[in-house]
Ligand SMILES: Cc1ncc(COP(=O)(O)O)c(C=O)c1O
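Consider the single chain below, provided in structure tokens and representing the form predicted on its own.
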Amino acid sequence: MPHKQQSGRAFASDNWAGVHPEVLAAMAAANVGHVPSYGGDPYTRDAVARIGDELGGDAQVFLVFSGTAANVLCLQSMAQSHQAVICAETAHVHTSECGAAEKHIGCKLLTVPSPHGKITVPGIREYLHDIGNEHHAQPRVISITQATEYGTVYTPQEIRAIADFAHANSLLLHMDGARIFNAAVSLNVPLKAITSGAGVDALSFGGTKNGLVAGEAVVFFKLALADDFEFKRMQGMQLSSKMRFIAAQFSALLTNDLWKRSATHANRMAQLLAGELAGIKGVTITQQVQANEVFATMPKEIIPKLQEQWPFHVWNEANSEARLITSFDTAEADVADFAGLVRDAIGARGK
């Protein structure tokens, strides 16, 4: 039976999704009259207060509009050019930000093997043998991603173990929270349980992947790191003149549990998708599905045909491992349609 994708959606990335209607409504409501620019408006004050309440720890919050910039500016406040950031070999800051951290900070990234996305204290410890040796970049920051690039999730206990190790060795802990909402829903914990409550020093707080237009924030729990950050944000070209429209998005996301509703739905669709694909001979789920990402190997020759109707990315060309990401607007019919397409494409190979 032929399949024709009707929804206009994709499994390529939650960045491909549109904007949640409640977020658009909030932006429209903010589009009335004149208010001070560059964050001197009541919308920004409201959003900053809401973010602080959700994350706890007397957080210092700065709104920006790019996830890469959030990561780089956050790390720039934590490390100097002769220092290093320890991160997973799969970390977005290492693989997918075009060397932005190295360019703008001048620091070195030290990668830890992460076959399932997460790093642990033993892997981090391998880089602490040359402390004080002027010939080596000095580790200063540990950066973890929540949820990871493989869709796996750090528990509060795992984060605390890394934080305690970091602080015992005069290091700082940064979290790339591009999909932090999906992680919190997966763990069924409040956001503060995996941030301020787990020992994180600074956070890139991402909203874009959970239904915002362009909403990110830099959040400091170690308050000394926030010193002069307003100038770094301006130099980093991330001070929005009409900041009320970034702020309105976050306020909507943190109202009536919108963040939780959207992330819960995306995670549930990922579980449904993984279940459908796992039942197809020739498809293997390669990672534990904890957030809104599904990784699966499938016959290489069927992938281009699938991508014509349902765009998605191949994560690992060597073994034809696909990365499939669900969003707040993914429908059960989308999952059924894609799974049927895969089933038919594999079945057609033997004819």
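When you see a residue number, it is the position in the sequence shown, counting from 1. Small disclaimer: the values here were computed from a predicted structure and weren't measured.
If you look for the form predicted in complex with the named molecule, you will not find it shown, but the lines that follow are about it.
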Q. Which among 28-36, 61-69, 300-308, 43-51 is in contact with the named molecule in the model of the complex, heavy atoms within 4.5 angstroms?
A. 61-69
Q: Let me know the one among 158, 164, 97, 230 whose heavy atoms come within 4.5 Å of the named molecule in the model of the complex, would you?
A: 97
Q. Of 92, 222, 118, 192, which one comes within 4.5 Å of the named molecule in the model of the complex, counting heavy atoms only?
A. 92
Q: Spell out, yes or no, whether the shortest heavy atom distance between residue 244 and the named molecule in the model of the complex is within 4.5 Å.
A: no
(Q) At 4.5 Å between heavy atoms, is residue 201 in contact with the named molecule in the model of the complex? (A) no
(Q) Residue-level contact is defined here as any heavy atom of the residue lying within 4.5 Å of the named molecule in the model of the complex; does residue 145 satisfy this criterion? (A) yes
Q.
Under a 4.5 Å heavy atom criterion, is residue 178 part of the interface with the named molecule in the model of the complex?
A. yes
